[in-house]
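A lone chain, given as structure tokens: the form predicted on its own.
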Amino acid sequence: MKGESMNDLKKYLSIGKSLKICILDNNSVEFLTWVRKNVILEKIFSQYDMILIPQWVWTEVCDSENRKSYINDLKHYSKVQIIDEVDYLTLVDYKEAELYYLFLYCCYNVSRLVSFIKKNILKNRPVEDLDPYEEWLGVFYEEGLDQRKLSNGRIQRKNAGEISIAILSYILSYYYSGSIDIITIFSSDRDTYEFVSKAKEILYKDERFKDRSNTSITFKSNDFLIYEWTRLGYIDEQNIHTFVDSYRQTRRIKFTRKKQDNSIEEQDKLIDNAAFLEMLKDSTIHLIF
């Protein structure tokens, strides 16, 4: 996405309209292709003003014709934008040093990546003397991320999609908070959640960011979506056992539950399908991830 279209996106994100933005991860797109016959696209996405997909995630989506077709069909119902990571610089108004710190903090969950950035990108220089953004972005992508060759011949970069989602979500959060009310990431990848959560801890302590207004970042995992669809009546009670057994496996869930005295307990544990079906009946539960 270059030139005028990126400027159009910046204008759209700055109109002060209380926008609701959805960012899609590849694993959620795969899940949504499975359940498409049960829950139509419009019911899931009509509440969002815009759906964004980072280019590094779009590359993963395109490994499957089903996932690619799902996104192309989604364009008939919603405003969908695929954003090249090169264009993140335009979105932050060319503040290269701040973008560097967003990258660094969104990698803090993997110490090897932090070491790579400091050694091969910062190179013991002041951040103001960094090479041009597009150059060091290429070094990070080509040399910093672990690689493996897929059966289709594509070279997969480990955690590229998760890191890009985290950076994009914080760009929206800090640079467009006056126009964006909701930033929701559709993902069931625990790494995506951890990259975003770790970066949040550091950003809240950093002098450059800690006092700036920002929009909260929330998640909808596959389990969250099933819970939501059940309560909205998109999946009826007669079919819920079959649905869960068909599309869900034992998974770690982070959630809260309201106790009898209105206090809130927080849990983070493996939940099998039998326990999950019981959770679906409990209106005091709120799924975090």
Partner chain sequence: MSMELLFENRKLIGKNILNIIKDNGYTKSSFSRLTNISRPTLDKLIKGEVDSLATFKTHVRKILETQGMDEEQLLNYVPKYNAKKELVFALSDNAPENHALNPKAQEMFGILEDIVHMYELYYN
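Positions refer to the first chain, counted from 1. Because the structure is a prediction, the values reported are computed rather than measured.
Just so it is clear, the following notes concern the form predicted in complex with its partner chain, a form of the same protein that is not shown.
- The stretch that touches its partner chain in the predicted complex, counting heavy atoms within 4.5 Å, is 100 to 108, out of 189 to 197, 176 to 184, 156 to 164, 100 to 108.
- S115 is the sole member of N72, S115, T218, N152 with a non-hydrogen atom lying within 4.5 angstroms of its partner chain in the predicted complex.
- Of the listed positions (L145, L130, L137, I82), a single one reaches within 4.5 angstroms of its partner chain by any non-hydrogen atom in the predicted complex, namely L130.
- In the predicted complex, its partner chain sits beyond 4.5 Å of every heavy atom of H76.
- Put simply, Y94 is close to its partner chain in the predicted complex: some heavy atom of it is within 4.5 Å.
- L203 falls outside the set of residues with a heavy atom inside 4.5 Å of its partner chain in the predicted complex.
- Within 4.5 Å of some heavy atom of its partner chain in the predicted complex lies at least one heavy atom of L89.
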